[in-house]
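In structure tokens, the next block holds one chain alone, the form predicted alone.
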Amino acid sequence: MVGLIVLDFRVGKKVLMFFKSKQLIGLDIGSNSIKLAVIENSGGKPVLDGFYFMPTPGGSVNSGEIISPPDVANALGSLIQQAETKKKGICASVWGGSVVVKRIQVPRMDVKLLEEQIKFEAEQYIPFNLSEVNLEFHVLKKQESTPDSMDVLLIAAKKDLIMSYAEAVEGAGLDLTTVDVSGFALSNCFEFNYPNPGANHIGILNIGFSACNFVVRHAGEVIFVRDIPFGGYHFTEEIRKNMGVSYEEAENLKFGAAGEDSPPEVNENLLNAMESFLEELNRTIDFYMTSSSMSTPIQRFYLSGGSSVLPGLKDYLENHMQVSMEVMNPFINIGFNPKNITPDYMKQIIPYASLAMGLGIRKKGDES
């Protein structure tokens, strides 16, 4: 029996309060790995008590969709045993083709009237039957284009997607208390650690195994979210198919590309994949720029995700896009429990932890 789930999409809202009794576990279910962030309250400040991860069971998750909830439940149960935590509340995030985030412009009206009107507006933009989705909206207060109109973010997630996450979480004996959108969770992590970013338009690229979460922030708000179907898997495949090696060999060659003994063909294939990724990224940026008259060029990008550490990728993107690229550090304003975590381990998990941390700093019923 699936319990109560709070669909609480955090659209650029600050998460600054921590109550131990209501603190949630941040759960990042990826196509390649499952990551768990356990955060405690220490003197009113968040402290990472433990960060755990393991490979996602083969075939159980595909492009954000949980194909086999029982397999994911078993893996999650193993992680919880490692964590040795009594917490039960989980905050997870969703992304992929069953999630839609769309910025629209509507006539200016009272928010209560907008609540009644939003379903009619959503029918024009959401490519699903509205009875099949959970629908939320957020008025972008700092993106007002005219006195007679206002910008609104529509957020929709298919109900069967949410139910598959609930089945996996509850199958591990836990409670799926809150569901967020991955792009918003990344934004929450960024805002908590970079309260004064020094640029008006910030881009976040969370480059995972099968896809890249693309987020644009302006004046403390999320104004654009899109998932790019290109990730580390595509880099590995470029090496595998062109060099005639196994998938495991291709993975090892990919991450060892910067070594002296790396065959030159590896770098050539990685460069081909980088070019393809850049094309996808530029198409997404073009779409962002044409999505609203208020869209402005991105001034700085922050990188996260396991595939963001591919040799040469950061420099390649920076050189070809002529935009500063910085590795996103999810631990700038978050401490750690020295009994469970060493400084070296913290450094090692920086590229992998942003999404889980953005979820873990949430708490049940938090407000801006």
Ligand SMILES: Nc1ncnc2c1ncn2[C@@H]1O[C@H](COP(=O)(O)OP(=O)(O)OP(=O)(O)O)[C@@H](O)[C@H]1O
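Only a predicted model underlies this, so the values are computations on that prediction, with no experimental measurement involved. Residues carry their position along the shown sequence, with the first being 1.
This next part talks about the form predicted in complex with the ligand, which is not shown.
**Q** Given a 4.5 Å cut-off on heavy atoms, tell me which of 323-331, 29-37, 336-344, 66-74 is the interface stretch with the ligand in the model of the complex.
**A** In short, 29-37.
**Q** Does the ligand come within 4.5 Å of any heavy atom of residue 95 in the model of the complex?
**A** Looking in the model of the complex, residue contacts with the ligand include residue 95, since a heavy atom lies within 4.5 Å.
**Q** Residue 254: heavy atom within 4.5 Å of the ligand in the model of the complex?
**A** Taking the distances in the model of the complex, the answer for residue 254 is yes, it comes within 4.5 Å of the ligand.
**Q** Answer with yes or no whether residue 239 is in contact with the ligand in the model of the complex, where contact means some heavy atom within 4.5 Å.
**A** Because no heavy atom of residue 239 falls inside 4.5 Å of the ligand in the model of the complex, the answer is no.
**Q** Although the partner isn't part of this model, could you tell me whether residue 232 comes within 4.5 Å of the ligand in the model of the complex, counting any heavy atom of the residue?
**A** Within the cut-off, so yes.
**Q** Checking a candidate spot here: are 209, 305 and 311 all in contact with the ligand in the model of the complex (at least one heavy atom each within 4.5 Å)?
**A** Yes, each of 209, 305 and 311 comes within 4.5 Å of the ligand in the model of the complex.
**Q** Need the contact residues for 326-361: heavy atom within 4.5 Å of the ligand in the model of the complex, sequence order, or none if there are none.
**A** If the 4.5 Å heavy-atom criterion is applied to the ligand in the model of the complex, 326-361 yields only 352.
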